[in-house]
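Below you'll find only one chain, the form predicted on its own, shown as structure tokens.
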């Protein structure tokens, strides 16, 4: 197997000499002067591996992802121990600059084969092609603890995505209150605002949102520098009945969506899994794949953050408004979700349930309509329209359990979260078949 390779970096000349003398399976076909040139070469399909020798400080998760998406394996050569640890954190195969040419050729072959396996097993285009490479010198995969880490200190947090179609069906309200209920029950919870269109978690919890915690966390993750301490420092803390809820606020302006690139956001989710029992993510609504940009595989996608979260989530709540406009939107959105993210298995939640919008016995009416026109999934929860309670919570900048603990909406969300509130829920009578 002949492997065409492109090189870049101050130490590339020595690498070239060694590989050319070896006359082995690796052939250097392009000597690049900078990383942007190497990325352009990768898009042409003329190389299968890229060697960054000596200038590995410029490598980020985004660069590795772009190369992997083009089918090009990345190998970095560096001598600085701290830099190599950062490359390990990014799951980038690396070695010292003085590596024997034969060993380097073998390392390149291993990287190419691993990337090929990753491409064959990837569920969608959003999968991380670098995941199968391990983490360089230690050989750990993503999400695996470092050697010597006690098993009791390693968490395996679950990711819950709160998503729904356009039209303000109540995604943020549900995300905030699900997180609040779980945190108040004693679980370790972080709430992440990953909405690239209208982030509003900070407003809902009365937090200053100038810092955009998610953007800062993504920036560190892109550099392989997001450790446990920095994630805790970036997350705002909200006190709920003596317990703390960590919050990564969303981007402060909609034009900052480019800061939430999938490789970096994936790193944030993996770091959160290590620290928290539950990660609740408030997602954007759109699932479009920006087909007008498909000619440029390096162009960022505004909806890529939402698609990544839905792909990585262990649980997805699909939220729709319970009215003549919201229900059809949810039906179409769930069908689109099944096509875009085939692995998704959403739980259906109808919000703002009220008799004035659908008639008497609204739950029965909505259940019957969903059975006839829905995508074959049961409705997991009906959340009542309790505008007074929701307005009071928004005005005070906190969760329903603080401002309206006895409200019907709070009880329904707590019930969905599996939290016992002491408030008796009305018994739902089964609808008689006609």
Ligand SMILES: Nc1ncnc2c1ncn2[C@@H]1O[C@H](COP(=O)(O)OP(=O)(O)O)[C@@H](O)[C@H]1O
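Numbering follows the first chain given and starts at 1. Remember, predicted model here, so these are calculated numbers, not experimental data.
There is another form of this protein, the form predicted together with the ligand, and it is not shown here; the text below is about that form.
> Among 28-36, 385-393, 59-67, 41-49, mark the stretch whose residues have heavy atoms within 4.5 Å of the ligand in the predicted bound form.
This holds for exactly one stretch, 385-393.
> Is residue 261 one of the residues lying within 4.5 Å of the ligand in the predicted bound form, judged by heavy atom distances?
Outside the cut-off, so no.
> Counting only non-hydrogen atoms and a 4.5 angstroms cut-off, does residue 173 reach the ligand in the predicted bound form?
Because a heavy atom of residue 173 falls inside 4.5 Å of the ligand in the predicted bound form, the answer is yes.
> In the predicted bound form, does residue 409 come within 4.5 Å of the ligand, counting heavy atoms only?
Contact check for residue 409: yes, within 4.5 Å of the ligand in the predicted bound form.
> Consider residue 168 of the chain shown here, and say whether it contacts the ligand in the predicted bound form, taking contact as heavy atoms within 4.5 Å.
Although the ligand is absent here, residue 168 would touch it in the predicted bound form, with heavy atoms inside 4.5 Å.
> Find the only residue in 182, 91, 351, 249 having a heavy atom within 4.5 Å of the ligand in the predicted bound form.
It is 351 that has a heavy atom within 4.5 Å of the partner.
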